[in-house]
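Listed next as structure tokens is one chain, alone, in the form predicted on its own.
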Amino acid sequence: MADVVKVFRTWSSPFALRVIWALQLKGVEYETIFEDITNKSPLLLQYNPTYKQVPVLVHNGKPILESLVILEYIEETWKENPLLPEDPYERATTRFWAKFGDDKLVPSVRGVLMTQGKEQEEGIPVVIETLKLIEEQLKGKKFFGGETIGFLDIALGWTANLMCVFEEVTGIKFLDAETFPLLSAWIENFSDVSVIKQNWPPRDKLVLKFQAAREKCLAEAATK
């Protein structure tokens, strides 16, 4: 019996994009269900009653939640084109930095994006220092995974597209080739892979989306 794979996502979610990239890199056929987060479908609420968010991978009727957990599931279920290294220590290190990206980089970038004034200024060095730690993982490598895209490239892949969007929205430069030569080269290499670039959301729509989100957040903060 053939596998039935479905992915619940939105057009803009960078976390859902991780799932799409992984499935396509492994050659897994799947059906995409696009969700409107302002009007969530009964199926999404059924499959993810805890967080009620995307992405959700449904494999033969069984839902798997949270993007990094989904990546692990994909890696364990479909062995073609491995995303994690064979060595146990390297696998553990990869998982650490993937979690570091979600635990440290995502909230620090969001903090700068959704604030202004002193709070925003204080957040910028945190983003820069976090990026420096991540860049160190690229020393001597084309991708975080080595010569080919791996688990950590997918986990951090959102930076290759969204950081420049956030720079446009905020007017703050986070990544430049002089300060971050390895990350800058990685962004070019990563974005040049067909599976990656074919799935980028429209940049103009992303800019409008995050401009609106920033304006809404700042307006709400001003009323408190």
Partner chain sequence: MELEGENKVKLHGMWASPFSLRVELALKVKGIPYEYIEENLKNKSPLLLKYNPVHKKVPVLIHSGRPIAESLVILEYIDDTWKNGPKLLPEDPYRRAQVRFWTSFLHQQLSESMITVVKTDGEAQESAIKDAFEKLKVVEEGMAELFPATVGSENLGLHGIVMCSILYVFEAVEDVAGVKLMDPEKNPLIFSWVKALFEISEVREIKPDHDKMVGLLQFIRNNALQAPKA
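Not measured: the values here are computed from a predicted model. Numbering follows the first chain given and starts at 1.
Keep in mind the form predicted together with its partner chain is missing from the figure; the text below concerns it.
- Taking the partner from elsewhere, no residue among Leu23, Tyr30 and Phe143 has a non-hydrogen atom within 4.5 angstroms of its partner chain in the predicted complex.
- The chain is drawn here without its partner chain; in the predicted complex, the stretch among 35-43, 184-192, 60-68, 153-161 whose residues come within 4.5 Å of it by any heavy atom is 60-68.
- Distance criterion of 4.5 Å from any heavy atom to its partner chain in the predicted complex singles out Thr77 from the list Asn81, Thr148, Gln116, Thr77.
- Proximity of Pro88 to its partner chain in the predicted complex: non-hydrogen atoms within 4.5 Å are present.
- Residue contact with its partner chain in the predicted complex: Glu135 places no heavy atom within 4.5 Å of it.
- Among residues of the shown chain, Ile124 is not one whose heavy atoms approach its partner chain to within 4.5 Å in the predicted complex.
- Although the partner is absent here, Ile128 is not a contact residue: none of its heavy atoms lies within 4.5 angstroms of its partner chain in the predicted complex.
- With contact defined as any non-hydrogen atom lying within 4.5 angstroms of its partner chain in the predicted complex, the contacting residues in 81-103 are Asp87, Pro88, Tyr89, Arg91, Ala92, Arg95, Phe96, Trp97, Lys99, Phe100, Asp103, given in sequence order.
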